[in-house]
Structure formats: C-alpha cells, structure tokens
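In the form predicted alone, a lone chain appears below as structure tokens.
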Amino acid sequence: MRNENRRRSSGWKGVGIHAAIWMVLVMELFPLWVMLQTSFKDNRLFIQDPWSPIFSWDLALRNYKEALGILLPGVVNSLALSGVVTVGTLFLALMGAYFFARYRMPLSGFLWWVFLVLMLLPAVVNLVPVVSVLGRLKLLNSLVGLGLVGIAGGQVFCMYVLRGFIEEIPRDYFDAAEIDGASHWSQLWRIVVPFCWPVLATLGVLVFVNQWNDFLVPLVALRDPELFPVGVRLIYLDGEYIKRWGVITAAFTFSSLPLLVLFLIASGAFVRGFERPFLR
C-alpha cells in the first residue's frame, strides 16, 4: 500500500514538474511566436487579429525585403564590430588573468580589487566620461572608437572568470614548461588556452552578444547613419505617426538570426564553459 502511494505521489510530482517546464517554455517562446507571425502581416491583418497566425507569403516577402534593405548595412557593421571586440577582449583579458593568477607584485591585490569595483559600476555611469575621452582622442563618430570602448568594457568580467580557471591549472604544468625553457607566451598558448578553451568560447559568446545588443553608446557616439550598428538602425523603423508592425517584426527577426546561429554553433562549448576543468 505504501509503495503504491509512493508511486502515485512520484507520478503526480513528475506531472507537476513537466507542467511547470511547459509553462516556462510557453512563457519564453510566446514573444518569439508573436514576432514571427506578425512579420507575415500588414497593419490591417495585425489589427484584425494580432495573435492568430494569418500567413501571407507575399506580405512576408515584402516585409523581409524592406527590413533587409534597411538593416543590412547595420548588420555588417555589427558583425565586424562585435567580432573585433570579442577577439580583442578575450586576448587582453587572458593575458591579465594569467598575470593575476600566477604572479604577485606590490599592490597587485589592491589593483585586483579596483578591477572588481569597476565591475560593479553600471555602464551608464561611464557614458559621459567615455564620450568625453573619445572626443579628445578624435574618435567620435568612428567604429574604431566604439571598438576600443567595447574592448575596455568587457575586460573586468572576463578577467575575473578566467583567473579562477587559470588558478585551478596544476602548477606542475608551468614548472615543467619553465624547466624546458618555455616563455610566458608559450605557457599561455600551450597550457592555459587548451585548458581554458571551453570558458573562452563561453565568454566569447557573451561578449559578442553584449556588443551586438549595445545601443546607448553607439546612439550617443555616432552621427553618420552608414556607421550605425543594427541596434541603432532598428529605431528608424519606428515611424512618427504610423508603425508598420510587419516590417518592424521582420527586422527584429532578421537581426536576431546571427545570434541564433552563433549560439547553435557554440552551444556545446558554451555549456562546457560553466564546468570547472579540474573538478570533473
């Protein structure tokens, strides 16, 4: 009798867990569904029935074609900018984390805590100083200036994560490499990078997504429309008097595709990056 009651209890518990999972999935995917099915409509169909799927392939082709024409320059700018920022951020953060994990110098502990305090500051606090510095360096209205800001802004978090992984690498590897005459560069690329490759992939995805979604700094620092990244170009779809919902949602769908493809490619490494390499 007790075993039967336990089976019933575990069965109802499993049903509850699955129901909760499906509820969360529906809540998460519902905005995506609304965006996709709205991109197949014009304003008349959207006002007539905003929730139900009324697919019109002619309207969809027209909406996506217009959205592509508006967003394509921004997508190219965002891909180039996000790629450069990701590579630059990981390269510099890896070197900084290697130093803080393996070596000590006077005031190195104080310097590390200064970096951690910088991580706690909201990004909007630095907006005015960043724009002022870019103006003095003649880098306003320039993708180079945006790239430098992105690389500088992503250093602290990446360095914080990478330091923990590097400290867990057994010191015997580094001692053996030093006995063989390996330089710091050789130790970095032959020991640190192979062990930290999953977390580097994870951080690369996070940095890329963060730079892709950056809106405030490009909006303030750029003036030429041909330099706008995709996030800033999206606001030009919002008309002053009329909102063309089909074109707007088609543009948002198109702008999210590169991030979706990136995550699908790097999903395995992204998940492994949350595991500690020497605690498996």
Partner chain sequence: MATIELVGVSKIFERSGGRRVEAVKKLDLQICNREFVVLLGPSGCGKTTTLRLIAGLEEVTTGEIRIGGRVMNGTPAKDRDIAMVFQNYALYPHMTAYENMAFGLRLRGVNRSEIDRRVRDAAGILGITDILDRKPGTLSGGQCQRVAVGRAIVRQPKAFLFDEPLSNLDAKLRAQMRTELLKLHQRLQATMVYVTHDQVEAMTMGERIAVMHNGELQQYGTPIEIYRRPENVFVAGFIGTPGMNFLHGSLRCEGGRIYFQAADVDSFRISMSNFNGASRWMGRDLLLGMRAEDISPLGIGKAPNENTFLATVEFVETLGAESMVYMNIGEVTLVSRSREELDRREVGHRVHFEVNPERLYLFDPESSKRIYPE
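All values derive from a computational prediction rather than experimental measurement. Positions refer to the first chain, counted from 1.
As for the form predicted in complex with its partner chain, it is not shown, yet the points below apply to it.
**Student:** Note which of Leu72, Leu118, Val128, Ala176 lies within 4.5 Å of its partner chain in the model of the complex, where distance is taken over heavy atoms; exactly one does.
**Tutor:** By the 4.5 Å criterion, the partner-contacting residue is Ala176.
**Student:** Verify the contact flag for Ser186: yes if a non-hydrogen atom of it lies within 4.5 Å of a non-hydrogen atom of its partner chain in the model of the complex, no if not.
**Tutor:** Although its partner chain is absent here, Ser186 would touch it in the model of the complex, with heavy atoms inside 4.5 Å.
**Student:** Verify the contact flag for Phe195: yes if a non-hydrogen atom of it lies within 4.5 Å of a non-hydrogen atom of its partner chain in the model of the complex, no if not.
**Tutor:** Close contact exists here: in the model of the complex, Phe195 approaches its partner chain to within 4.5 Å, heavy atoms only.
**Student:** Could you tell me if Arg190 has a non-hydrogen atom within 4.5 Å of its partner chain in the model of the complex?
**Tutor:** Judged by the heavy-atom cut-off of 4.5 Å, Arg190 is in contact with its partner chain in the model of the complex.
**Student:** Quick one: does Gly135 come within 4.5 Å of its partner chain in the model of the complex, counting heavy atoms only?
**Tutor:** Taking the distances in the model of the complex, the answer for Gly135 is no, it never comes within 4.5 Å of its partner chain.
**Student:** Which among 82 to 90, 201 to 209, 137 to 145, 164 to 172 is in contact with its partner chain in the model of the complex, heavy atoms within 4.5 angstroms?
**Tutor:** The contacting stretch is 164 to 172.
**Student:** Across 34 to 59, which residues bring a heavy atom to within 4.5 Å of its partner chain in the model of the complex?
**Tutor:** The stretch does not touch the partner at all.
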